[in-house]
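Single chain ahead, written as structure tokens, the form predicted on its own.
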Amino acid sequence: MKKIFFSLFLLMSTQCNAAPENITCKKCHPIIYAEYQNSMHAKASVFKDPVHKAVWDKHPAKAKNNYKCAKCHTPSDHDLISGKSKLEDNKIQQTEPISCQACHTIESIEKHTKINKNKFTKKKKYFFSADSKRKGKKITFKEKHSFFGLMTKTSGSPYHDIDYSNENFYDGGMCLGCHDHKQNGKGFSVCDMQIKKNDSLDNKDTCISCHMPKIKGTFVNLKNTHTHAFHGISIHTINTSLLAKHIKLSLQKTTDGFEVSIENKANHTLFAQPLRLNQLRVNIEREGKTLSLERKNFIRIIGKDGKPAMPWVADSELKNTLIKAHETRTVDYDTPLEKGDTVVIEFGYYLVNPKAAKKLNITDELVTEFIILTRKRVEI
């Protein structure tokens, strides 16, 4: 009997540990929860992200199931993080590899040369958040009774405490445990966002203000706040206009043609991940016909022995034409413009360079299609 009870206890414990964390969040934050379902955070695992899977399938560690990407790709799979289990296709990996709690419990960021590290609070049901009107406050659930207990007024959340004093949730520091830089085992920088805030431009943009801007809709159903921080994350494919304002396109006629300028107003290099391919496309509409000019690529290629290589093998940079933070890049065209022409300028990117996608056997349309980030039409 004791053995049966003990077995049931272990089974219940396992189920509790494997239970998704976001279910409780859904009750009070339905709008944010719905946005999360289409986010990269909800699809960050090997079993949901076709790019991550393709790279993992090529990684030599896969043969031993020695998965080392969990700290950023699946921090909510606590058994995997602690080493109690190996990578497997469980419910957490499928539904919430990076849960609400995973981000909202980040207390601080430890900076390291290889990769930064998230430090989580050890307090139970204690979440950090940002609200300029409540900045510095720590809200706990309280009940105030009056008229001999006949009336009750509550404040705060009955499910968790909220700390509005963590500066990382105002300046975007809480994102930099995973989204700043990464070195491989050879000490080579595989990715570096090269974040650079230009105070001289009175630039107040942060990871939060750009990637999680305020949009219509209440953040909690207990009261109408009118707006909330966008939690879709995948604004690259859902609403590129949220990012487009940080890329300014302009055209200037020259003696023998024209030039197109791309101004990067963002505080980081444009799409610094080595698999990305940024591209400028220019078409001239003239007398009912379209003249397509040569496409210009902006890319970083890493490799070994002078040839492109996978991130864990690379030890050198073969090419780097990426547009850095606050940089303006100008591209010259020797095609003369005529009166009545319309020049259509498009700047966008591929989540994975088509050449790399072919080698990795990636066929997912969201990965292989060209995503237009911003477009400008100029009448001549």
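Given the structure is predicted, the values throughout are model-derived calculations rather than measurements. Just count from 1 along the sequence shown to find any residue number.
Not pictured, yet referred to below: the form predicted together with a small molecule.
Of the candidates Cys72, Leu293, Leu87, Ala309, Cys72 is the one whose heavy atoms come within 4.5 Å of the small molecule in the model of the complex; the others do not. Of the residues given (Ile284, Ile301, Leu251, Ala229), Ala229 alone sits with a heavy atom within 4.5 Å of the small molecule in the model of the complex. Of the candidate stretches 254 to 262, 96 to 104, 285 to 293, 79 to 87, only 96 to 104 has residues whose heavy atoms lie within 4.5 Å of the small molecule in the model of the complex. Not displayed here, the small molecule is approached by Ala266 to within 4.5 Å at the level of heavy atoms in the model of the complex.
Within this chain, Val313 is remote from the site of the small molecule in the model of the complex, having no heavy atom within 4.5 Å. Taking non-hydrogen atoms only, Lys43 approaches the small molecule to within 4.5 angstroms in the model of the complex. The closest non-hydrogen atom of Lys355 lies beyond 4.5 Å of the small molecule in the model of the complex.
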